[in-house]
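First comes one chain, alone, set out as structure tokens in the form predicted alone.
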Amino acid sequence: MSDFLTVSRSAHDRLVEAAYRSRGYTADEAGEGAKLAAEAARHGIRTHHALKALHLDHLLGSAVGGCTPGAEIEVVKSRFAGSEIWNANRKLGQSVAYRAIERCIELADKYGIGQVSVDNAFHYLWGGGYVMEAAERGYIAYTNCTSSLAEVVPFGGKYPTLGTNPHSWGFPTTAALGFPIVSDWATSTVAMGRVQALKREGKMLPPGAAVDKDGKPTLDPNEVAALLPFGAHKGYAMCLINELYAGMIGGSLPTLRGRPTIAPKGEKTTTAFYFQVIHPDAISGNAFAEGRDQMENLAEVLKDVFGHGNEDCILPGQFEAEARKRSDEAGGLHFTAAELAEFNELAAELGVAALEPIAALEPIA
């Protein structure tokens, strides 16, 4: 448990945009990178805010050619009207993802369902942010991606050959619940960003999350060499789904992804994305009981699921909604003192204003 500090979003965005611009990204890319980072922090997603995004870019992105600032997206010819295939040309993942979810919405408005697959991509960070945005606008949305590196050991194996490979779903339940249901998770027990956060805070991992260089279970984030899938064979199967999608889109071999120095000539090292948006009208049978409309029926279904003594159950997206409310009420974004110190090391390197806390919060678990 840590004391969280509040910094203004505008100050945060100026610093993050300056960091991206210093690495050669365009103003649009820097703005989109800052937006996703801010939304992650606003919703309490501590594993995918700006520190993780900028670290990932430095480690595997613009500094080493894994991501190309200013790259243009190429739309590949397709014979399917509701589907598009994009070659991202290693463009910043957040920029690609925001454009892809918007295009899916446009396609869904016209065809009932829209999908965009993306090859030659760079990791887009928090997938929940994109599907949440669509769900808040009234759509059902889904995305998956392959992670930048193979860091997960398959169930029953001993060598990491899979990414942390997240899945993200968003459902338009704001009218019924006050927030969209968003199911968003890495298919490893914890995300590698969580390992980095625990290392930063001097805390231990939960059991069954990771192994050391010898393949032995470890709780120490400083000793982590690879991660384990959640739910044994079930999480492993979901992790594998992303690799199957990517393999059919055009993705690289998992153990070469993000590692251009070891890839044989002709092999790819980039990630792949998949986005899908469904217009609710496209799946409605219009035969709801008691004369209810679609959204009224959805509300009744949720009322039934979370009735009968289940009223205190946690809903997917509830923690994010509560974190968002705290952020908005405080008038800024929440970070720990350790995180703020890292931000201000970056600010000093860039020669821009440091982030100053505007308020302190009560401890949050």
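In this text, rigid core is short for the largest set of C-alphas that superpose within 1.5 Å between two forms. Every value quoted in this text rests on a predicted model; they were computed, and no experiment measured them. The first residue of the shown sequence is 1; numbering continues from there.
The same protein has a further form, the form predicted together with a further copy of the same chain, not shown here; the description that follows concerns it.
- A heavy atom within 4.5 Å of a further copy of the same chain in the predicted complex is found for exactly one of 149, 211, 205, 85: 85.
- Proximity to a further copy of the same chain in the predicted complex, taken as a non-hydrogen atom within 4.5 angstroms, holds for one residue of 219, 225, 175, 237, which is 237.
- Interface residue remark: residue 119 is counted as part of the site for a further copy of the same chain in the predicted complex, having a heavy atom within 4.5 Å.
- At least one heavy atom of residue 154 is located within 4.5 Å of a further copy of the same chain in the predicted complex.
- Among residues of the shown chain, residue 261 is not one whose heavy atoms approach a further copy of the same chain to within 4.5 Å in the predicted complex.
- Residue contact with a further copy of the same chain in the predicted complex: residue 161 places a heavy atom within 4.5 Å of it.
- Three-residue candidate spot 283, 302 and 315; every residue lies within 4.5 angstroms of a further copy of the same chain in the predicted complex by at least one non-hydrogen atom.
- Here the chain stands by itself, but in the predicted complex one stretch of 196-204, 126-134, 178-186, 89-97, 178-186, has heavy atoms within 4.5 Å of a further copy of the same chain.
- Looking at 192-206, no residue comes within 4.5 Å of a further copy of the same chain in the predicted complex, counting any heavy atom.
- For residue 154, the Cα coordinates differ by 2 angstroms or more between the shown form and the other one after the core has been superposed.
- Core-superposed comparison between the shown form and the other one: the CA of residue 191 exceeds or equals a 2 Å shift.
- In the core-superposed comparison between the shown form and the other one, the C-alpha atom of residue 138 has shifted by less than 2 angstroms.
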